[in-house]
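The chain below stands alone and is given in structure tokens; this is the form predicted alone.
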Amino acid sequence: MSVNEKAVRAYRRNTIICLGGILAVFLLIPAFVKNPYTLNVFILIFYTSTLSMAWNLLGGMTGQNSLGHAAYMGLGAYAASMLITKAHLNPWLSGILGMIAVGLVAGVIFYPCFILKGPYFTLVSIAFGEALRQFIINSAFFGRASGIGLPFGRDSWLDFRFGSKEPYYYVGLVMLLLVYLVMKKIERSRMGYALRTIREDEDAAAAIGINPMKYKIMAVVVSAMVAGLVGFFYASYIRYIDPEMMIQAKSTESVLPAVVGGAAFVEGPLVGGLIMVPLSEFLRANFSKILPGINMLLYAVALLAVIRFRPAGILGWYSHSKLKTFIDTKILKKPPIEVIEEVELARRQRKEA
């Protein structure tokens, strides 16, 4: 084994150790943190960041700025809840069927809408969310404005029902990790390259053989299905849903973590969620009596500040910072990019041979 290969292996090993350490911290949190409110904040981080990753696939990677993800989440929650309460299906199966239903609805509804670009597509997504909310409010089948309650009972993994927060914490963490891995896989795949090309110049993408309509439909379906998964988790955790979960402010909450963290990065929603959700909950808990809605004011101020000072988000700043240089060289022992590319090319050649 060459010196370069040893250096690259050491770098990858150090990276895995650091990531494993971070994961271990999150796995051990429920063992040391017994306060239900604190665990609730972590659960909020998990499903908000997951919803933000769903938006980031469509908004950050593809450039289609949707403000309808609260509607996808609500539709997934309602679909799963109706199957549980009326068809008496197993909750896990109901969640899967709900995801599929949300993906189909999003694909059918937005297929003709992709001829629209820029703010027009955004307006259609807002109209879709509000139309769906009004439909549910006026439908007796969906419980109108009163909503739907899921049955309570003994703790059961089969029924995805618990009296404590620890099981929801771990399910939320697993959901977050799985969706992150899926998004990372998409980013590095042919689909990811196609989506980024479409984002930069749709006409140029079509000229080099990429079918923009095909990949945008794929993006909206996957994005909507992930949002539907979050809706199922939310309904199972809260044990109650109503049309208010689809209001426009909820869609904004899914956008902000990605924008603050860095919409150009798959990790952006994770970083943004870790910052925005605890800060929002702190302000809500301590200052809501003095200034109602202060958490939404925070979102507005954060958005304006990021757009003005850090349009690439926190990770955009970090990727060119001295802090990253220090971590790469002193902690991870990262070799020069030329060395990594040389080793990767040699590995591919050996694999092909």
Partner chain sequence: MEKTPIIEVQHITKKFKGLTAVKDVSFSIREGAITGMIGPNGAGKSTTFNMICGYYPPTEGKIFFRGEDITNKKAYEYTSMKIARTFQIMKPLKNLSVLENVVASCYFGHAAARSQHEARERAMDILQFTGLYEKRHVLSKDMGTPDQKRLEMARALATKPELLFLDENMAGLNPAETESAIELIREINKSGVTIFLIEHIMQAVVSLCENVIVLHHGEKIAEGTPEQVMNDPLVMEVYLGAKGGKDHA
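Owing to the predicted nature of the structure, the values given are computational and were not obtained by experimental measurement. Residue numbers count along the first chain shown, from 1.
We do not show the form predicted in complex with its partner chain, though everything after this point is about it.
**Student:** Would you mind picking the one in 179, 255, 194, 219 that has a heavy atom within 4.5 Å of its partner chain in the predicted complex?
**Tutor:** Flagged contact: 194.
**Student:** Which of these residues, 155, 130, 244, 201, gets a heavy atom within 4.5 Å of its partner chain in the predicted complex?
**Tutor:** That would be 201.
**Student:** Residue 169: heavy atom within 4.5 Å of its partner chain in the predicted complex?
**Tutor:** Residue 169 lies outside the contact set for its partner chain.
**Student:** Evaluate residue 86 for contact with its partner chain in the predicted complex, applying a 4.5 angstroms cut-off between non-hydrogen atoms, and reply yes or no.
**Tutor:** Residue 86: no contact with its partner chain in the predicted complex.
**Student:** Taking its partner chain as it sits in the predicted complex, is residue 215 in contact with it (heavy atom to heavy atom, 4.5 Å or less)?
**Tutor:** Residue-level check for residue 215: yes, a contact with its partner chain.
**Student:** Is residue 140 close enough to its partner chain in the predicted complex to count, meaning some heavy atom within 4.5 Å?
**Tutor:** It does not: once its partner chain is placed as it appears in the predicted complex, residue 140 has no heavy atom within 4.5 Å of it.
**Student:** Can you say which of 278-286, 244-252, 204-212, 101-109 gets within 4.5 Å of its partner chain in the predicted complex, counting heavy atoms only?
**Tutor:** Stretch with heavy atoms near the partner: 204-212.
**Student:** At a 4.5 angstroms cut-off on non-hydrogen atoms, which residues of 329-350 are near its partner chain in the predicted complex? List them in order.
**Tutor:** Heavy-atom contacts to its partner chain in the predicted complex: 337, 338, 341, 345, 348.
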